[in-house]
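So this first bit is one chain, no partners, the form predicted alone, shown in structure tokens.
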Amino acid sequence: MQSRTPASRATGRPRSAAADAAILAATREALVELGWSKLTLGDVATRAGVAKTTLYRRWAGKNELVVDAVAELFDELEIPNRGSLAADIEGVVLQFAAILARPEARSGLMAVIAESTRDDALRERIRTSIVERQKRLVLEGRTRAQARGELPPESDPTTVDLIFDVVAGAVVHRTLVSAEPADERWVRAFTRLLLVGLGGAAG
């Protein structure tokens, strides 16, 4: 099923941030209680206390709504300043794993990824709403490590993409595919492996 063309927003009355927040929270609540297959826009609208037409003015359909609801969870991620690159990486990876352990994140992310295999517009929305937004973490962490003298200046623009893909891919596979815990022991081992790779590339 292909995504519908995004609905045009009417000019005049501005969007309500409170309504948006209520809708996204209701979507996550419905994911936990109903699961992907039974979630409907009507149920989300009822939970959020808004009209169904309000949802359609903001989102083209269920796929896009769930992407944005999950993306909001990942916006909670922060790079902690623990004094070293290794400790900073461990901190953010543990946060990431904790978010993926939440039922609404797990079920929502797996569902939209599966749907995106046959929906190019949805794949692009995942990329812009989740992937590109979270690359800020790599940029912030690398800049901080460079200021400490832990990493050399980096001129290759593809490095940020590569680091993000390695970290996100490893954690998603560990938690959602292998269904193994990304606990402190695993995160420490993964961070050591990552830093050895970064050191080799820098040399």
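One-based numbering along the sequence shown. Given the structure is predicted, the values throughout are model-derived calculations rather than measurements. The term rigid core refers to the most C-alpha atoms you can superpose between the two forms while keeping them within 1.5 Å.
Not on display, but discussed next: the form predicted in complex with another copy of the chain.
Novice: Does another copy of the chain come within 4.5 Å of any heavy atom of L195 in the predicted complex?
Specialist: Judged by the heavy-atom cut-off of 4.5 Å, L195 is in contact with another copy of the chain in the predicted complex.
Novice: Is S107 a contact residue for another copy of the chain in the predicted complex, using a 4.5 Å heavy atom cut-off?
Specialist: Output for S107 is yes: heavy atoms within 4.5 Å of another copy of the chain.
Novice: In the predicted complex, does A17 have a heavy atom within 4.5 Å of another copy of the chain?
Specialist: Outside the cut-off, so no.
Novice: Looking at the partner-bound form in the predicted complex, is A111 within 4.5 Å of another copy of the chain by any heavy atom?
Specialist: Yes - in the predicted complex, heavy atoms of A111 and another copy of the chain come within 4.5 Å of each other.
Novice: Considering another copy of the chain in the predicted complex, which of A51, L34, A60, L139 comes within 4.5 Å of it through any heavy atom?
Specialist: Partner contact (heavy atom, 4.5 Å) among the options: L34.
Novice: Relative to another copy of the chain in the predicted complex, which residues of 157-175 have a heavy atom no more than 4.5 Å away?
Specialist: Contacting residues: L162, I163, F164, D165, V166, A168, G169, A170, H173, R174.
Novice: Does R125 shift between this form and the one not shown by 2 angstroms or more at the C-alpha, the core having been superposed?
Specialist: Shift at R125: 2 Å or more after core fit.
Novice: Fitting the rigid core first, would the Cα of R47 be found 2 Å or more away between this form and the one not shown?
Specialist: Yes, R47 moves 2 Å or more.
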